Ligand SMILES: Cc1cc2nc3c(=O)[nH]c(=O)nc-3n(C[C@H](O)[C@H](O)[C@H](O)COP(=O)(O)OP(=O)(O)OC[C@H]3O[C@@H](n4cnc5c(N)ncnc54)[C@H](O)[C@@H]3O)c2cc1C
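In structure tokens, the next block holds one chain alone, the form predicted alone.
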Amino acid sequence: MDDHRIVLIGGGHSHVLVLRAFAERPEPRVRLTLVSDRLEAPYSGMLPGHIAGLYTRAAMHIDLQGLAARCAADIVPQAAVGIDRTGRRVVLADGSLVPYDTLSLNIGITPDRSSVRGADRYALALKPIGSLLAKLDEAFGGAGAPTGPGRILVVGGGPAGVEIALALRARLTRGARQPWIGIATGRGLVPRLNHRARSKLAMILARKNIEVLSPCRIDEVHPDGARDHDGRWIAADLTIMATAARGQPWLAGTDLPLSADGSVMVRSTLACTGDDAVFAAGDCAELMGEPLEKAGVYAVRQGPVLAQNLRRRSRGEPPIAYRPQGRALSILSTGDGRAVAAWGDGFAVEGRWVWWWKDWIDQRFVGGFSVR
């Protein structure tokens, strides 16, 4: 009997957990292949800390090549651009094909800049993280350099936008010049968090001279600023988009069932609603009947279930269900060695010890993939 070929596209949080699970307990008669054009996987939870200067670049990345070697997985260092579902083959950027018996997608999302004119040309996007870091270093004259734009506009008032604004304030505090930093948000500040957390973050932003422009829905981005829905002009030397994202564009050509934002529709087993041979997890997936926030905590929780279901499919066994937690803990770094934690409808705390808590969680996660 031939080996069952499991192909993983992307090195996201769910897939690194799959690779580690197969390294710790190899599956007989299974051949793993990782398709990824990046050999390091950034851990998004540590991105604001890195921008603020609290982590090195190496500290926030997982070595995919080393992890793949631990579980004897083949690694294909290319981007996937399509799926031949009839022939069960992945199409690579150079036109070559990788056959599969079971396929899993954990490829994240891409910023949706289509609704804001000029954003694709004149604004930085939070993802892919590698591109963001390179462009920030270029804008600021290198990591830790005290130079950079005099006015920075962050578009989006969710957790990502708030953390990036605070991280940039911390990074640029070292310089003699203090740039203006503003957050433009159409729906208020961190609307998914409870009132106490929102109040704490609003006070922190005010204390650090970060202006919150709300309601402020950006319609156009230019090289020297942005214009909102009401015609107001906001001068900015650097604009960063931290707004809604959507699925990778190439998924539209796969005929997989997709949600309105281009995410792959999956059942509770994380298998695609239209193809039992295809799984998806993390931000690139949407759970049918229970759409989840695009947050790393869900990708991490899905990882062990995905690993089990990939094994079970290779054995011909029925899959198990992923049950998302009702509430998720949110911890936002404030860039200065402190953090704000929020849980449910009323719990919110802030302080240095909250950062230590977040730091312990994040470093424990990334450290769990180090090559031993």
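The model shown is predicted, which means the values in this text are computed figures rather than measured ones. Start at 1 and count along the sequence shown; that's the residue number.
What follows is about the form predicted in complex with the ligand, which we do not show.
Colleague: Out of 338-346, 66-74, 36-44, 316-324, where are the residues with a heavy atom within 4.5 Å of the ligand in the predicted bound form?
Modeller: Every other range fails; the passing one is 36-44.
Colleague: Taking the ligand as it sits in the predicted bound form, is residue 127 in contact with it (heavy atom to heavy atom, 4.5 Å or less)?
Modeller: It does: once the ligand is placed as it appears in the predicted bound form, residue 127 has a heavy atom within 4.5 Å of it.
Colleague: Is there any non-hydrogen atom of residue 122 lying within 4.5 Å of the ligand in the predicted bound form?
Modeller: So residue 122 does not count as contacting the ligand.
Colleague: Would you please decide whether residue 180 lies within 4.5 angstroms of the ligand in the predicted bound form, comparing each non-hydrogen atom pair?
Modeller: Residue 180 lies outside the contact set for the ligand.
Colleague: Is there a heavy atom of residue 184 lying 4.5 Å or less from a heavy atom of the ligand in the predicted bound form?
Modeller: So residue 184 does not count as contacting the ligand.
Colleague: If you check in the predicted bound form, do 14, 48 and 106 all have a non-hydrogen atom within 4.5 Å of the ligand?
Modeller: Heavy-atom distance to the ligand in the predicted bound form: all three under 4.5 Å.
Colleague: Can you list, in sequence order, the residues from 244-258 that come within 4.5 Å of the ligand in the predicted bound form, counting heavy atoms only?
Modeller: The stretch 244-258, when checked against the ligand in the predicted bound form, contributes 248, 250 at the 4.5 Å heavy-atom cut-off.
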